[in-house]
Structure formats: structure tokens, C-alpha cells
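In C-alpha cells, the next block holds one chain alone, the form predicted on its own.
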């Protein structure tokens, strides 16, 4: 990708995060780059191209972060590391994470389907951790893996709305893990 296209994608991420996809005009994007509106079209075909690039970048960043979590070891530790990785992406790429969490809804057609496939795959990777923890007795035997995943990712995803610069995301993830997993450990009373 050219340097100018990269600058445009960065500006789009920032503006989409601040103003929303529909609240950002091509004039806003041109102003952010200091170019005429018509000049944008030498870099993109449409504003939707930028939304796709930013949403895809977010998806890739979250998957790459999850790739850093080891495949072996205690599941509770791997869940903690997965939450750390997730929150680190939010903190380090706040604009991209905001678009990934909120603005992706404006993707259309095949792009929307591809994004949703990647989002579902990411959620399944988290769900597999909870399932493994339940199956190996590290978490409650009656744990609903889907609900546990929804709870964990909902808490972590919404960090884009309240996370402040300089926050120790590892310590925050550790607190999330403790709060979430305390209720998921132990034996079920059936």
C-alpha cells in the first residue's frame, strides 16, 4: 500500500471512530489529508473501500494478538493472556478497534459476510478456551461456553468507550479475568 493510501486509511480510521462511518464525509477525509475531494478518488473507489480496509485491519490485529496465546498450559492462564492480548489491541489501535467493534455494521455484501466470518472465527477461538476449561475441570462443569464468551468479549470490546491512555491493560485484563473466572470455577451443583 502506498504511503498516501496508508495515511488515508489512518485518517479514515480516526474519523470513523470519532464521527462514525455515516458521519464522515469524503470532504472530511480530503480535509484530513489536505487534498481536494476529487483527489481522494485516485486512491480509492469509494468510502466503503476505506471502511473495509479499517475493519479488516482490526480483524487481523485481533487474530494476530490471539495467535500470541500459547496452545498449551492451564486454560485459565490462556484466557487471561487472551484478554490481555485483546485489550492491548484496543489500547494500541483504538481507532481501528472502535471501527471493528462498532462501524463494521455498515459493510455491505460480500465484504460484510467475510468480516462476519472472521468475527465468528475470533469468537470461536475464545469459546474453545472456555470449552476446554470446562471439559478439563478448570471451569464449572455446567458452564455455558457461548455465554462465557459473550460476557468476556462484551466487556473487552466496549473498552474502546472508556479506556484511557496510559492504562496498564495487562493489569486491567488480569482484573477482568479474576472477576469473570471466579464465577466460572468450581463444581456445578446439578
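All values reported here derive from a predicted model rather than from experimental measurement. Positions refer to the first chain, counted from 1.
The discussion below concerns the form predicted together with the DNA, not included here.
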item	value
Interface membership of residue 158, the DNA in the model of the complex, 4.5 Å heavy atom rule	no
4.5 Å heavy atom contact, residue 137 to the DNA in the model of the complex	no
The DNA contact at residue 37 in the model of the complex, heavy atom, 4.5 Å	yes
Partner proximity in the model of the complex: residue 45 to the DNA, non-hydrogen atom cutoff 4.5 Å	yes
Partner-facing stretch of 139-147, 29-37, 120-128, 65-73, counted where any non-hydrogen atom is within 4.5 angstroms of the DNA in the model of the complex	29-37
